[in-house]
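As structure tokens, one chain now follows by itself in the form predicted on its own.
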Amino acid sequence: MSYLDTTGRIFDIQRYSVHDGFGIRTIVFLKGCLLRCRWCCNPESQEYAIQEMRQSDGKVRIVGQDVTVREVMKTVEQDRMYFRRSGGGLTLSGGESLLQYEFARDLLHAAKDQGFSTAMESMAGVSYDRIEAVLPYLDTYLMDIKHINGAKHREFCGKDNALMLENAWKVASSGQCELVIRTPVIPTFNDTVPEIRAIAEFAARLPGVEQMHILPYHRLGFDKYVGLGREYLMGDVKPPSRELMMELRDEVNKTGLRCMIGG
């Protein structure tokens, strides 16, 4: 069987993005996640199962479809002109892309065969052999590191982060791709200078890592929880102020990393 016939489950394809990798990107969102972060803005990504989600207009939308690499690439290839002009390409997101690592590997393989740059957003919480499978086809690994403290990570995300931190070292040491650390800034979880500094100091020690992105918490996923009949666990927590985000950016920069505030 050709790798183009590998089947996976996605819940969205977003075109013309400029936030998840260099240039204009087409983002493929894979179903399934190993964490249950309280603030997750894509709760429909968490379950691998195909779901129904009620929209604000009362209509029910089916979330999740099984597709082949070949089918996904028909959409991705429509943006070839934008990739060529901007240096952009394909980004995998989720969910956790590596829970469907064979599908992720073959999507990245297909993109590289077409001459597109590749990126993947992932928290690296799987066995390293799964990560190794995708690295030959990956240009940029956007790795989520949400906290250094394992107990707090478990409390807010549902799982310890020891394997994720271990895999960050392994990916960085491999030298096979650019590794960028991304951290969502979440009030009540990690929005203090000491907590962000601890992540930045860890990231600065990783071989070859030069960038860290901090992403302000937002409530844009709230309606999705309503549509899925789920409770939104962040309650009335407000996004961090711009002043705090600037302060945290400056703190990260002190470690020698280049820090960007994401959208």
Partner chain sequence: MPSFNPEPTKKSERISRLVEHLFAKMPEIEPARAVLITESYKKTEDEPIVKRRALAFAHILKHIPIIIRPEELIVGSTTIAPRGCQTYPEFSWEWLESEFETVETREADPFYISEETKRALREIHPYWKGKTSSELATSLMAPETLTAIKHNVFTTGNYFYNGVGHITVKYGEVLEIGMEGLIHKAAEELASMNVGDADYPTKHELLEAMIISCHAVILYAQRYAELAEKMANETADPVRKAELMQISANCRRVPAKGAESFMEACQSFWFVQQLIQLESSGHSISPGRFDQYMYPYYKADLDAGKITRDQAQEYIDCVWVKLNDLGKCRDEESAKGFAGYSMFQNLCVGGQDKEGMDATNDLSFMCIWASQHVFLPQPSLSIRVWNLTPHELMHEACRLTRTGIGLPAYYNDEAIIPALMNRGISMEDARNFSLIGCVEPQVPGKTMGWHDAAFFNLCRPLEFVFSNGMDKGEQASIRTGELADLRTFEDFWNAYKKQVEYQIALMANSDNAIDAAHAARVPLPWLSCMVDDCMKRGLTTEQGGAVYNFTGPQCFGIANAADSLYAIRELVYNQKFLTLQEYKEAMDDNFGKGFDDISVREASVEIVNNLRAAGREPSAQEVAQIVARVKTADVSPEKKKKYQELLDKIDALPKYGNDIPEVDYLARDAAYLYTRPLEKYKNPRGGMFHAGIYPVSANVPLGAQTGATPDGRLAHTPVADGIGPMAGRDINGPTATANSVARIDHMIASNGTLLNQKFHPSALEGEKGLNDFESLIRTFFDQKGMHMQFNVVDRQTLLDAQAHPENYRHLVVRVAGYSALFTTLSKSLQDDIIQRTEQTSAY
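As the structure is a computational prediction, the values presented were derived from the model and not from experiment. Residue numbers count along the first chain shown, from 1.
Although not depicted, the form predicted in complex with its partner chain is the subject of the following passage.
Exercise. Sort through 173, 127, 78, 188 and report the residue having a heavy atom within 4.5 Å of its partner chain in the model of the complex.
Key: The residue in contact is 78.
Practice problem: Name the residue from 205, 54, 197, 218 that puts a heavy atom within 4.5 Å of its partner chain in the model of the complex. | Solution: Contact with its partner chain in the model of the complex is made by 218 alone.
Quiz item: So, in the model of the complex, is residue 114 in contact with its partner chain at a 4.5 angstroms heavy atom limit?
Solution: Residue 114 lies outside the contact set for its partner chain.
Exercise. Considering only heavy atoms, tell me if residue 86 and its partner chain come within 4.5 Å of each other in the model of the complex.
Key: Answer yes; at least one heavy atom of residue 86 falls within 4.5 Å of its partner chain in the model of the complex.
Exercise. Verify the contact flag for residue 23: yes if a non-hydrogen atom of it lies within 4.5 Å of a non-hydrogen atom of its partner chain in the model of the complex, no if not.
Key: Looking in the model of the complex, residue contacts with its partner chain include residue 23, since a heavy atom lies within 4.5 Å.
Exercise. Considering only heavy atoms, tell me if residue 253 and its partner chain come within 4.5 Å of each other in the model of the complex.
Key: Flag for residue 253 set to no.
Exercise. Choose one stretch from 134-142, 78-86, 155-163, 95-103: the one whose residues place a heavy atom within 4.5 angstroms of its partner chain in the model of the complex.
Key: Partner-contacting stretch among the options: 78-86.
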